[in-house]
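One chain follows as structure tokens, the form predicted alone.
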């Protein structure tokens, strides 16, 4: 298994599962404009997932296309980080998740845009622009809620506290990959720390840091998500519209 295949698969899975979770907010967001915004962010993530999983399928050379990789793998075959599979929670939890994910994806895709692999570089060049918008959107809400009412501050801090332990997995070293995520941590820390400070929120203490997603060891939440996401494809294999 080539390192570029492993990276494309992992990043494609991140984007795919993030898209599925964000799409769950459709018709459920706190206001109509936000409903549209989260749906569009989900579509951005899905677009990146398609490019990455298509390339992963080509590199694998086993005849699996993007649909087969998305719909015909079980949870232990997925390589997404644990962060993206966590339930949405309340709106503050979702914004904390989006802030952490986007603050990671912006430097990730920026670095990927300059890597020697032309296909991965093309994905990075496209996705970094979209991720910059995702980061701005999440940061706006984190600041709005954190520096808002006593209740919104409490909920936003609770959301950050809940999500924060899952950030470490994003930066596990991957020395032979076109981009080593470990090198992205300083940019991430600078970005998130600045947002939390402006939001009058506290950066949580680092304690328990769950991991395992990159090795196919997931929370129980992923199985339920995949059951919903894959049911139509598995019920009608090979069907075409």
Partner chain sequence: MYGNDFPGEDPPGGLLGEVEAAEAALRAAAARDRGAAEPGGDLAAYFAEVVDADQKIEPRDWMPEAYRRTLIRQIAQHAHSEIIGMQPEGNWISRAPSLKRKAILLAKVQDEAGHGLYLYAAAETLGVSRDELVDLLLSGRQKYSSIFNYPTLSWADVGAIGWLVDGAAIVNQVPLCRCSYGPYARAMIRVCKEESFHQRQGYEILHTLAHGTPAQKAMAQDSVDRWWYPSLAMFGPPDGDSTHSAQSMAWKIKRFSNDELRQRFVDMCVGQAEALGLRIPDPELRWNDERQAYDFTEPDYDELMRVIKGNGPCNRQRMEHRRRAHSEGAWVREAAAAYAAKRAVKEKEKVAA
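Positions refer to the first chain, counted from 1. What you see is a predicted model, and the numbers here were worked out from it, not measured in a lab.
Absent from the display: the form predicted together with the partner chain. The rest refers to it.
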task: Indicate whether the candidate residues 79, 180 and 192 are all in contact with the partner chain in the model of the complex, with contact defined as any heavy atom within 4.5 Å.
output: no
- request: Select, from the options 86 to 94, 113 to 121, 99 to 107, 162 to 170, the stretch whose residues sit within 4.5 angstroms of the partner chain in the model of the complex by heavy atom distance.
  value: 86 to 94
query: Does at least one non-hydrogen atom of residue 50 fall within 4.5 angstroms of the partner chain in the model of the complex?
result: yes
task: Decide whether residue 144 counts as a contact residue for the partner chain in the model of the complex under a heavy atom distance cut-off of 4.5 Å.
output: yes
query: Even though the partner chain is not shown here, does residue 197 get within 4.5 Å of it in the model of the complex, heavy atoms only?
result: no
Residue 58: touches the partner chain in the model of the complex, heavy atom cutoff 4.5 angstroms: no
- prompt: Can you name the residues of 14 to 30 that have a non-hydrogen atom within 4.5 angstroms of the partner chain in the model of the complex?
  reply: 16, 20, 23, 26, 27, 28, 29, 30
